[in-house]
Structure formats: structure tokens, C-alpha cells
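Heads up, what comes next is one protein chain in two forms, each shown on its own as C-alpha cells, labelled structure 1 and structure 2.
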Structure 1
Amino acid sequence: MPSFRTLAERLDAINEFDREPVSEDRLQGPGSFIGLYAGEHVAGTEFVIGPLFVAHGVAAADLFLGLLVGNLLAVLSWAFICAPIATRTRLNLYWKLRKIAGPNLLFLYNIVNALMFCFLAGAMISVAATAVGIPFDMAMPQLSDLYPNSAGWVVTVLLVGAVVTVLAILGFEKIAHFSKVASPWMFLVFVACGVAVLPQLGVHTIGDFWQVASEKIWTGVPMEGRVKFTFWHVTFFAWFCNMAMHIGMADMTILRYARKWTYGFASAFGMYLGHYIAWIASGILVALALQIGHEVAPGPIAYLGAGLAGLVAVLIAGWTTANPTIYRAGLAMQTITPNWKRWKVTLAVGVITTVAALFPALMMRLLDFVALYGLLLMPMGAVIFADFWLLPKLGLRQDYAEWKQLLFSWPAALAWFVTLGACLLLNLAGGVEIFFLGLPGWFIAVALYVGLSLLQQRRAAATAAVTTAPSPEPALGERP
């Protein structure tokens, strides 16, 4: 099997700095991050999220202002919380967390993390597959479908999953290049979809837009059975829909390649192109679809706006979002299976993701899932932030688990579990909606980790002082 051996050897040779800092010669310029963020956040899922605001009765002014503020807060979170630590350590999230939390706690975190990313990437692949259904007259999954509904759906998902997995195996540079090539025209198609249908809604001049937006698109009246969203819902959703990436520190894995921490501001290209303009465009499309009784799934509404180009845009957008997500999940799983090469782990993750994508239920419940996965992973990002910036200022040691060769850091574990418990209590007893839990949760996790680390390290220092103190001199007449 010489050809297979050669391919395996070449894949083994791809070095993604899984357990060491990124070397100086592999750092990337700002263009890579602009392309990556624009590609990842101008995604097929924007055709799911944008209609959410229409369904929940957001008023036009609340939408435009809320997205402006919320996306700004997200960019600042990437730039001032995640990027500085990523560029100073040059480590991925998982290896940095191993130093803080110990290998046993990291094992638990990575299982949760990898599964969340697999399911998220699976939803992206499902969305991309819906675009294929239109030209081939494939039976599309319905909102109530939980299982694969046709052989065509299964074949399509398997093909899309295979392409996404191969690109993720090839590594960060290939992913960044693919996103850089795809994102400009993909964004233009998104915009074209929205603009093309405006005349059908009654917009014939620029002056008509605001009246139509307020009266026919974002009317302020929720659909039956939906909770009404306000300015605050929009702001916090835009800020925290990628909570795991910025304040949860998952993008340390990406930004460790940045020459400067200021490249964290490149996330603005993803936020304002994808989470502002693309969400607005998809809202316009779904408003028309509802008005004429058309299907509201991602593929059909893209086809409504731009025909075949819209379908291709949804397909590619799903790929460019799923690629870095599978890449992150592969790195997470590799710290669990250190003797496996990264490409083998990523291949296994790709298989799990593709199998998950076969089930439409994952895509149909995407909004609930996005809110939940960010909240589950966020506390460990707060632990990294506190360990890196706050502990040295208090005279405490960073990376304590590594220094003491601990297998399990109980301050990090309690910060994680107690924070999630507090968020659950706020939700159930206090009635705080899941979109708003990230902010108090982050401060709770930071306070818990700092306080418990102070207790842990002072007790250890006191024990060490007692153990090493010299024995008192024996009194006269006493036996030594």
C-alpha cells in the first residue's frame, strides 16, 4: 500500500502546533483573519437566524440599533479579551487550559467542547445540504422532522460532510485560504438576495425603505407562540451568539497565528457583514416568503432572492463555517487522544459531525443550541482570563496545575460547575432568559476562580511552611 503510506506520511507532516507555541515563521497577516472571520460568519445559518427576529416581532429601530451595539461588543470581546492572551501565549485553548486545569479536568472539558462543536458543524452541513435540494427536487426536511427523510438527503449530507472534513484536515492555512477566496462573492450574493426582493415588498426608492421595514418586515408584532424580542434581546443575542469563541476563548486556537493582538478587530468583518447585513437581508427574504406563502427554509429563501446563485452561496457558506468548527473540534479531541495524529482525529470528528448532520432536528433547533453551547463553554474562558491577568497581580502563580503537577484543578472545576449552576438558578428561579445569562455568568466564574485559587495556593504555602520549618531546640534535660 505504498500510495496510502505516502499520503499518511504527508498528512503526518502537517504541523499545526498542537502542543507547543506557534513559531514566528508561521504567523499570519491580517488578510488571513479578515477572510476567515468574514467566511465563517457569512454563513448558511444566517438564513436561519435572520428570520428569527422577524418571527419574534422585533421593531425595525430595535433591530438596526441592537445589532450595531451587540456586534460592537462582540468585536471588543475578541480584541480585548481573547486576542491578547492568544498572541502572548501562542498556544491553542486546549493546551493552555491543560496547564491551568490539569489533564483530567481538561479531558472532561474537551469531551463537552468537541461534542458541542461537532453538533454545531453538523448544523452547518445540514443547512448547506438544503441548498442542494432545490435544483434536484430532493425532498426537503420539514420543521417537525427528526430523522433523515430520504436517500437523497443522506447522500447529499455525506458528500458535503466529506468535503468539509478534507479541508479541515489540511489545516489552518488551507481553511483561511478557502474562506478568503469564497467570502467576497458570497457576501455579495447575500446582499443581492435581499435587494432583489425589495420591490416586491413595495420599496421602489431609498425613501420607501424605512416605512416598508417598519410596516412589513420588522413590524414589532411577534408570530403566534413566539416571545417578543426587544432592543436588549437583539443586543445580547448579537453579542453572545459566539460567546464560546470570544469570552469562552475558543478562538485562541485561531488568533495564536496573528502577528499582533489587534488582529482581533478583524472579527468586525464577520460581525458586520454576516451578523448585521446578512441577518437583515435574510429578514427581508423571509418577510416576502411569508407574504407570498413560500417555504422559509434556508435553501428556498435564498433561491427566492437570487436563484441558483443563492443556492450556491448557502452551500459554500455552510462549508466555510463548518470548516473552522471541525478544525477546533479536532484539536480538542487530540488532547484526549495524544498518540493520534491530528489528521486522524479530525477525520474521526468529521465522521461524527457528518452523522449528526443527517438528523434535521439539529438544524431545526439551532437557535436553542447556539445559546446553550456558548453558555456551557464560557466559564472556562473566564478561568483562562483570570489566571492570565488577575492571579499575577495578586501574587499568585499562573498555570498552577502544571507547576504542581496536579491532574485536576478543583478551583477551575468549581468555577465551571458552580457558574453553570448559578446560571440555571437565575433562569429557573429568577426568570432570566438564556440570552442574558452569559454576562453575570462570566463575572461569577472569574470571582470564583480567583477566590478559590487564593484559598488553594495560600493553604498549600502554609502547609509547605509547616513541613519545612526547623524543629525547636530541645530544652535542657530533655532527650533530643
Structure 2
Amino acid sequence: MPSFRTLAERLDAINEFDREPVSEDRLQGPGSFIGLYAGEHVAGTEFVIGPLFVAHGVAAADLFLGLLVGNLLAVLSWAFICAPIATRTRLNLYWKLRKIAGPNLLFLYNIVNALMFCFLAGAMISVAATAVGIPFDMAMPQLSDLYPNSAGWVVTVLLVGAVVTVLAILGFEKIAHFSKVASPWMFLVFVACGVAVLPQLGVHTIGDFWQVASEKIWTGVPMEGRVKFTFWHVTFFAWFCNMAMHIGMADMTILRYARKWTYGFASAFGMYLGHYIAWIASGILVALALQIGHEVAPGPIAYLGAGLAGLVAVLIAGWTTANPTIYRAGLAMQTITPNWKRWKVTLAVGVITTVAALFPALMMRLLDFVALYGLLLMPMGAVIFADFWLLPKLGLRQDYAEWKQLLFSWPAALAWFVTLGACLLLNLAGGVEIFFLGLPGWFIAVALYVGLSLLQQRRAAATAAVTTAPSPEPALGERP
């Protein structure tokens, strides 16, 4: 059985080029972040999330206002919570968390993260498969489908999964470049799809739009088996669908390159282009599909809006999102299999991802999955926030695991696990839906981490004072 020390060394080896703070000469201007956020959030998932709002019976006013407020809250979370810590430490999430939580807890975090990445990439392979299957007259999964619905679906997903995996093995960087080239075009495809089908829904002038939007698109009536979404559902979903990235602090990896913390506001380009305009456009498409009895999967609805270009967009959107996700998952998984070559790890991740993609549930229940994904990782972001801002104010030491050379920080671990337990309790006993758990969860995690750190550091200081009376441990908050 590998020792904990070995696990730590493996993690460090993978991140060996990232352990130093970013140097001054490598800092970037605001343009890089605008492009990066705009590209990252106009992706394959947008073809699924917009239609799911329609399926959940969101009313038009609730959608437009909820997205406006929710996306604003997301931008503020990036700007005021993630970016200031990223630009002050210049470290990525990995190294910051390592200092706070210790390498072994970080190992566990990495594994959870990798599994979530696999499922997210799986959803993207499903999305791409709905475009590939159209020329072969494949039976498309419906909004209510959870399991593979035909042999054609299984074969198509396996084929797409194989191609995505092989391309991820052959060259992540080339595909990342291609993905950036596709970004501006992809956004315009969403706009064009939405605008081109409006006349078929009865919108012939701009003045017609609101009436049609309220009566035919976002009608306020959910589909059978779906919970009705209100303004609050839309707001909280828009705020927390990237919870792992902003209050979960994963975007420290990106924002540590920002010259100023205010570049966190660049996330507005991703939110309002991708999570506003693209979601509205894909909602319009699915409303038309439902009205004319057309299939509602991403491929068919994109074809409805833009023909062949729409199919290309779904394929590229799914593929370019799945690719970096498989790459990231492979990096995390490599900690378990240090003797494997990178291609073997990527292959293993690709197999897990492709098997997950066989289940349309991942795509058709994407809202729930995205909420769960963020919630699982968010508590560690709260731990970083509390460690950075609150512990020094209480006279406690930051980065305690690093200072004490601890392999596992129990305050951080308990803050993570107990928060998730409390969220589960709120969900099961209190009936609080998963979309709303992030907010109380964040405060619970902060309070737990601060309280437990106080306990840990006070106890350690008291023990040190008793056992080494002539040369006591340095006072709390003081570096040795």
C-alpha cells in the first residue's frame, strides 16, 4: 500500500511547474481574460441548459430577470471572492489548498474533482453524439430518458467517445487552440439559431417578441415529471452553476495571471454572452422543436436553427469542452497511477467518460448534475477564503498544514465533510432543493473551518507551552 508521503510526492510531481507564484513578467492584461471567459462559457452545455429551463416551466419574466441577477452575482463572486486571493497569492488552487489542507486531503479533493470532470465530459460526449447521429437517423434521447434508448445511441456514443479520447491523447494543446478559434463563431451560431427561427414561432417584429416569449417559449408550465422553476431557481442556478470556479476558487488557476483583481469582472463576458444570450437562444430553439413535434436533443434543435452549421457547432462545442475536461481529469487521476504513461491515464479517463456518456440522464439532468458538482467542491473554496481573510484577523496562523508539515488538516477535512452532510440534511429533512444549498453551505464551511482552526491552533499552542516551557512555540499568527 502506498504511503501518504508517496502520494504527496506524486501530486507534487504532476504540478511541478505550478508550485511557484506567477512572476511579474508573465502577468496578463484584461483582454486575455475577456477572451478566455467568453470562450469558456459559450460551450456545449449551453445547448442543454437553455432547453432545460423551458422544460422546467420557467416564466419569461422570471428567466430574463433571474439570469440578469444570477449572472451578476456570479460575476461579483469572481471579482470579490476569487480574484483578490488569486492576485495576492499568485498561486493556483492546488498549491494554495496544499498549504492549508495538507497533501493527503488534497489527494482526496483531486479524485473527487477528477470524477466530476469525467461526468461533465461524459455529458459533452452525449451532446456531440446527438449531432453525429442525425445523418444515420439515430433515435434521439428524449428529455425524460435516463438510460440508453437504442443500439444506435450506444454505437454513436462509443464512436464519439473513442475519437474524443484519441484526440485528447494525441494533442491537448492543438485542440485547446482550435477551441479558442471556434469561440467567436460559436457565439454567433447561438445568436443566429435563435433569431432565424423566431418567425416560425410567430415573431415577425421586435414588438411581437415578448408576447410570444411568454405564451409559446417560457410559458411557466413545466413538462411532466419536472419541478417548476421560479425566479429564485433561475437566479441561484445562474449564480452557482460555476460555483466550483468562483466561490470554490478553481479559477485561482487562471486569475493568478491577472495584473489586477478587478479583472475578475471579465467573467461578465462569459456570463452575459454564454449564460444569458446563448441560454435564451437555445431555449427558443427547443420551444420551436416542441411546438412542431421535432426531436429536442441538442443536435436536432441546432439543425432546426442553422442546418449543417448548427450540427457542426454542436459537434465542436461538445468536443472542445470534453477535451480539456478529459485532460484535467487525466492529470488528477495520474496521482493514483504514477507509473502509467500519460496516454494510458487519458485512455482510462476516456473509457470512464464514454461509459458515463452512454446514459442520457447525464445530459438531460444536467442542471442537477452541475449543481451537485459545484456543491461537492465549494467547501474547499470557503476554507481558502476563511484561511486567507479571517484567520489572521483572529490571530491565527494561515497555511497551518504547511507550517506544521501536516499531511492532513482535520479542520479543513471536517469543514468539507460536515458541510456536505449539513447540505444533505437540509435537502432531505428540510426539503431545500439542491440549487439553493450553495449559499448556506458556504457560510457553514467558513464557520466550521474558523471554529475548528481556533480549536486546533489554541490546543497546539497550549500543548507546546506545557511541554517546552523554556522555549515556547511562537505566538499564534507569528512565523517561525
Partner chain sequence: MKALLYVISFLGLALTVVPAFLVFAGAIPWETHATLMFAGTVAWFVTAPFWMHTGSPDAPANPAP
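Residue numbering: sequential along structure 1, first residue numbered 1. Keep in mind it's a predicted model, so treat the numbers as computed, not measured. Rigid core: the largest C-alpha set superposing within 1.5 Å between the two forms.
J.: Name the structure that matches the description of the form predicted together with the partner chain.
T.: The chain shown as structure 2 is the form predicted together with the partner chain.
J.: Does Gly283 shift between structure 1 and structure 2 by 2 angstroms or more at the C-alpha, the core having been superposed?
T.: Comparing the forms between structure 1 and structure 2, which are aligned on their rigid core, Gly283 does not shift its C-alpha by 2 Å or more.
J.: Kindly check if the Cα atom of Pro222 is displaced 2 angstroms or more between structure 1 and structure 2 relative to the superposed rigid core.
T.: Not so; Pro222 is displaced by less than 2 Å.
J.: Leu93: with the rigid core matched between structure 1 and structure 2, does its Cα shift 2 Å or more?
T.: Comparing the forms between structure 1 and structure 2, which are aligned on their rigid core, Leu93 does not shift its C-alpha by 2 Å or more.
J.: In Å, how far apart are the CA positions of Val349 between structure 1 and structure 2 with the rigid core superposed?
T.: Residue shift at the C-alpha: 5.6 Å.
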